[in-house]
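Here's a solo chain for you in structure tokens, the form predicted alone.
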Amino acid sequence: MESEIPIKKEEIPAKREKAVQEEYVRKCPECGSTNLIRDYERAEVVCQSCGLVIDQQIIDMGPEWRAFDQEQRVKRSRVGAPMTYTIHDKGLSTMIDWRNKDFYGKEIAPRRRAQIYRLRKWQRRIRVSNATERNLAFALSELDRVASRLGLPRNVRETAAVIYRRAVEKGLIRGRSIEGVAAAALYAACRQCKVPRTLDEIADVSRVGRKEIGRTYRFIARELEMKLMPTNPTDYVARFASELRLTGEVQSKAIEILKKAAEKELTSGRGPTGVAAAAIYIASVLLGEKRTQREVAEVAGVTEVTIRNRYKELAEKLDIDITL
């Protein structure tokens, strides 16, 4: 005696499956409440509003084993790693570990090590079988290296890998360096995921120059029809304030200043990092956590002159009284 109502319809992309998937939520047939609880000791589904037992002898869909820490969870799990775009074969192929140990951690017998060595060598050759896969393997490893140096989160790396794969499919790599396209894809992913990094920051840890990254980024953004909004200065506030060891109150004040500046169109046509740095400088002075213009400039990657010009402009147009 269960009644179910659809709560969401989500279309799956055509590449994966052309179908509509419906998710259902249970509803109490007695009082119509959706506030249900699962009693795993009695294997029942009970309505918390009226106490009606809706289902009995339910199945626990979780694992039959217990784990008390992450190491045990990884060891006892019987599935592989999830699919990822940051590996050229999407992580679907197997890997033979470089250590000469078996599944139980015991040393492999010396007479079998030569055989394992040959298997490992052929496994490497099979995983990268053609020029496209070799290109992807090198590019994605370079992309992961740059992202690690910049401390970027996982979602940015996945997005950058997808952008690079789209560029390969459309033949945009020909005539350009792999490092340049990988760095440009990472810059585009940072902007798309609202985790902004400047071209200078990416160029510092990449093997190509700022000019080439910018030129390649504009090219792939145009060819892939990527509609990316200009970077908002507020996206930089949290990172700059964290590096300057400023409190949350200073961050909130800086964001408030930037919102007022945006309303008066004081941020358009100006570098977002310079405006963000000036707002942080003003907020730190107002709240008694003052940082020098040189300290803020070093963190933001701009000159002291830029901060001085921007903060004077903001203070004047927003009627902020700064007593230095």
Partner chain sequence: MEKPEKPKAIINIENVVASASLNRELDLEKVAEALENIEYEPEQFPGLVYRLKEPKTAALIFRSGKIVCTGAKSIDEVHQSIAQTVEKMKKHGIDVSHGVDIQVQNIVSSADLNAELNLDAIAVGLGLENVEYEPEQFPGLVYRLKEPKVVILLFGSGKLVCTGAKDPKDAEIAVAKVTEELKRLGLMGEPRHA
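Predicted model, so just to flag it, every value in this text is computed and none were measured. Numbering follows the first chain given and starts at 1.
What follows is about the form predicted together with its partner chain, which we do not show.
Although the partner is absent here, residue 76 sits far enough away that none of its heavy atoms falls within 4.5 Å of its partner chain in the predicted complex.
The closest non-hydrogen atom of residue 218 lies within 4.5 Å of its partner chain in the predicted complex. Although the partner is absent here, residue 51 is not a contact residue: none of its heavy atoms lies within 4.5 angstroms of its partner chain in the predicted complex. Taking non-hydrogen atoms only, residue 229 approaches its partner chain to within 4.5 angstroms in the predicted complex. The partner is absent here, but in the predicted complex a heavy atom of 270, alone among 290, 38, 270, 294, sits within 4.5 Å of its partner chain.
Note on the interface: of 244-252, 150-158, 130-138, 190-198, the segment with non-hydrogen atoms within 4.5 angstroms of its partner chain in the predicted complex is 190-198.
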